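The form predicted on its own is given below as one chain in structure tokens.
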């Protein structure tokens, strides 16, 4: 005789676990989270840079980021733990000047309308606050690698309350919280089938043959989400593509002094931040051209960093941090985004199959949005009432929504 649950969540990444917690706080339903990996952080979450920024193109996405980040800023309250492992590193998010003079002030006003604090910094103010950073607005030479005489930057934007988390610590805290309130999370539990009848879900089957009866399923399987769609027999109209993303990290030498924020340089196409208590710096890409390596099998892809990518991004990083000397071996890794190729926004909520809900295609936004996405799913299944609910309409990211208009299809959309 098989097991049963009221709600099965497929995937124990940040989306799945935030959804489980939001549901458990407002319903007595039996919730079971199934994860194919052997432990937390094996999927997209473990390789996430976990940057928490607010500046997005669409106002609804700004609100989702604000509401998601609020959970991280109040992490102990969100997870209900007195001494959680993860902490929110509030170093700010700096957007370097891009040659336009008016946008930082416009962004300060726009973000303020969403109750988000930001400030305009001129070059002197940037150097005073972050002495290691170079405000220069002349892009580095990526062809010949020639240096140049740096000039002024102009005006920059600082999101005062942005920052980052350690993603695996966050997963560990969520696991501890869920176990305290009686939610079971099973690892090595690979969903290989979904039973339906009359247009409704009835249960899932696992690789070892076990059947688990359930009335509701949440697809939070990240890069493996298309398998879940196929099992339920639902034709997904959204092209959700597992996509390889590279990250480089280097040791931070003593010559790099002062605070390092999360920083975004639109002219050279990089973002960077510190990690490991400030002892390392990681750098990645914000360019759409670096988000095109679709992966057919998410279990089988190159997890290293290519030399050309590392050299290009480190060249750009040394331009923004002139005192950074590369000592020792350059390290790095690759992870997976699940990119919604239509509009680089997630699809979240109910589907035409009764009891089947989706939270997929986060396109690199997943970590910061996860608590808000969990709220949207929980509201649809169990109603409002969570302490960290978002007020964004479920229609904005709905499975049957029209495409969202975006200026670009990069991670900055």
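As the structure is a computational prediction, the values presented were derived from the model and not from experiment. Numbering follows the first chain given and starts at 1.
Just so you know, the form predicted together with a small molecule exists too; it's not on screen, but the next bit is about it.
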Handout entry: Heavy atom distance at most 4.5 Å to the small molecule in the model of the complex, all of 7, 215 and 376
Key = no
Exercise for the section: Could you spot which one of 62, 344, 381, 34 gets a heavy atom to within 4.5 Å of the small molecule in the model of the complex? Expected result: 34
Handout entry: Contact assignment for the small molecule in the model of the complex, among 126, 316, 191, 175, heavy atom within 4.5 Å
Key = 191
Problem - Which of 131-139, 287-295, 104-112, 330-338 sits within 4.5 Å of the small molecule in the model of the complex, heavy atom basis - result: 330-338
Practice task
Decide whether residue 365 counts as a contact residue for the small molecule in the model of the complex under a heavy atom distance cut-off of 4.5 Å.
Solution key: yes
Problem - Exercise: residue 222 in contact with the small molecule in the model of the complex, heavy atom 4.5 Å - result: yes
Practice task
Please check if residue 12 has a heavy atom lying within 4.5 Å of any heavy atom of the small molecule in the model of the complex.
Solution key: yes
Handout entry: 4.5 Å heavy atom contact, residue 88 to the small molecule in the model of the complex
Key = no
